[in-house]
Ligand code: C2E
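Read the single chain below, which is given as structure tokens and is the form predicted alone.
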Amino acid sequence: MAVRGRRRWSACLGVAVLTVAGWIALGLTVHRGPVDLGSPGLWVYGSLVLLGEVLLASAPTHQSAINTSTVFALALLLRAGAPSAVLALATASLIANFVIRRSLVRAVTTVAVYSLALIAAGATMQVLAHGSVWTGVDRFRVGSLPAIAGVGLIFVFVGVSLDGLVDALLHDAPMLAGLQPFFGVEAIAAIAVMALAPVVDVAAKTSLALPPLLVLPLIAVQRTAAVSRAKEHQALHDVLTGLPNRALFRDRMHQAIAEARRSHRLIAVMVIDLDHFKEVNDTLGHHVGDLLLAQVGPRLAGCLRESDTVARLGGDEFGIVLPALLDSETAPKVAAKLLRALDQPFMVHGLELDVGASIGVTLFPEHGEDPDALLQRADVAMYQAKQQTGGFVVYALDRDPHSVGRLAMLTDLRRAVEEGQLTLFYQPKADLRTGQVIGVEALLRWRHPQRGLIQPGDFIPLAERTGLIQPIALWVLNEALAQTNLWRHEGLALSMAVNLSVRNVHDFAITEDLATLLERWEVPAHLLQLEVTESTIMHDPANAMAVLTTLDGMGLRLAIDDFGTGYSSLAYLKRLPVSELKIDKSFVIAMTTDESDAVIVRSTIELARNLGLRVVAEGVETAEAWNQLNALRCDVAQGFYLSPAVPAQALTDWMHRERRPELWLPGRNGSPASVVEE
């Protein structure tokens, strides 16, 4: 605490030194003169500078350091020298700040910055443009325009740099963070200053009535720059909350890491996930959920320094960067403070909503030296906290034994989603009595550029734990329905089965997404079958029942996948709106050699028939298994004996080669596996 107090004192001292220097420079410059207070030109320019400052100060958001006041101040510098320009701009700035009641500290520092920037520009004018810092430029020549451009650039650079330095010192932020927001758009605005300041002065020498006519064009330039800044802001901020988005969050992390390396300090990264937000959305609707999310940012920011960053990473997940920490004990204290803030009820439409949160914490450089590693490990810690029913967890390697491989896989998986490395294979399902192919199951594969084809069991659990499962699931559903539509137009009316994860089954948003996708691809709802496992349902039976009932009401068909491997209540099973049971392949593969497995398969078929459900046997790999299942009156077979999962085109070619493409008879036709290798 003592160290932090010394740093705060040093920052205040730095601002004080800069401010005093600016005011001393202002006083000496005005005293040195000459300043002709009786000059009509000075009063015209002074009025225009004041107008620009009032417009700047009264703007609802931060405006550019380049505006109408600075254009006229630079024109006055060229016309009458630094004393008149400094006096006019300083006076106008103080009046404008008084009008809007800005803090006294910010008002006096602004005047100091303006003064130093104008004096630096005046000195440049004397060196480059053969004018005088005290009296300006007598007359312009075409050859002087590059020098005038240099004067404008010096004014912009000094003003922006000093203003950024003041902000960084006052808010305990990295120096680069104070400078970065100004450059880019600021450079374009500086060109306007360089071009228009001499024009203003030339117009004034013709008639003092002409400079006011340039106010509207200058305001137009300023507004154009403001629109550009607004678009840039929208690209880097979340629309709902106004917080930085993931892209800007990563940029702030890069800045914090660079500053920490220079200063040999620590930074902390936090990932925050709201614990009961889904229940709010499901019960009260997404509109209420959005209103709640909009309140989270201010509550988090209220616990932090101005130099810290709060961002919305997506959904109900938020990120925080704490730069320039002196010790590793600060981050846990801040995390505990954030939890206390989020534990307080949120008021939305008169309702008290309790959500709570889980927080994962990582430290630079202990837990990683780049944004990806820090974010991923914070994500791991956050899920550990969630498994402990809330609170915060600081990442520890001994609680993440597979961290290296997991982090590498997670990084690659995020890239795979963005770069289109995912693909769908399709495995046909056939009627056991006739051999007719009645549908397919869409199975996800990852074409990894180094590891080759990766099976879903190797990456789907990771996606479920990190929140990537939602975009992956939507991609799978979209691709599967697009392929269903294509097959329908080719005369192949095949049903499409797609697996749903735990998060999908318990998220009501899936119903809206499916309705949109079915309409987009013009696929009848009965052609889409959604498969869920027993464990997925029993994770939250009541919520699963609500979601599945809604899907059933939309006309979709539902199936219980891997039946026999989970722990479900038969009484609850009877109430579920499912039409199909899929016997897990582990029982089907061994049924011809293991009597116990044969009994399980037989009992499952009888149970399904008593419940009025169709039965699908997965893992049918031999003719013996096919025939035995047929004798047991199983309905549908799926497995390598029919075909492995293959790309869509291979399956299409195989079916079109048959005289009756809807038929597949075991032992007679070649399977698509003979055409393409998985």
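In this text, rigid core is short for the largest set of C-alphas that superpose within 1.5 Å between two forms. All residue numbers refer to positions in the sequence shown, first residue = 1. Please read these numbers as outputs of a predicted model, since none were measured by experiment.
Another form, the form predicted in complex with the named molecule, is not on view; read the next lines as being about it.
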Can you say which of 252-260, 274-282, 153-161, 585-593 gets within 4.5 Å of the named molecule in the model of the complex, counting heavy atoms only? 585-593
Just give me the single entry in L165, I460, L551, V393 that has a non-hydrogen atom within 4.5 angstroms of the named molecule in the model of the complex. I460
I need to confirm a contact call. Of Q295, T434, T91, Q455, which residue comes within 4.5 Å of the named molecule in the model of the complex, counting heavy atoms only? Q455
Residue contact check: R465 to the named molecule in the model of the complex, 4.5 Å heavy atom: no
Is S501 near the named molecule? Define near as a heavy atom within 4.5 Å, in the model of the complex. yes
Please tell me whether any heavy atom belonging to F640 falls inside 4.5 Å of a heavy atom of the named molecule, as the geometry stands in the model of the complex. yes
Heavy atoms within 4.5 Å of the named molecule in the model of the complex: does E441 have any? yes
Mind listing which residues of 602-624 have a heavy atom within 4.5 Å of the named molecule in the model of the complex? E618, G619, V620, E621
Superposing on the rigid core, do we see a C-alpha displacement of 2 Å or more at T124 between the shown form and the other one? no
A590: after superposing the rigid core, is there a C-alpha shift of 2 Å or more between the shown form and the other one? yes
Superposing on the rigid core, I want to see if R79 changes position between the shown form and the other one - specifically a Cα shift of 2 Å or more. no
By 3 Å or more, the Cα spacing of S358 and T533 differs in the model of the complex; is it closer or farther than in this view? closer
Working note: in the model of the complex the C-alpha atoms of D379 and A473, off by 3 Å or more, come farther
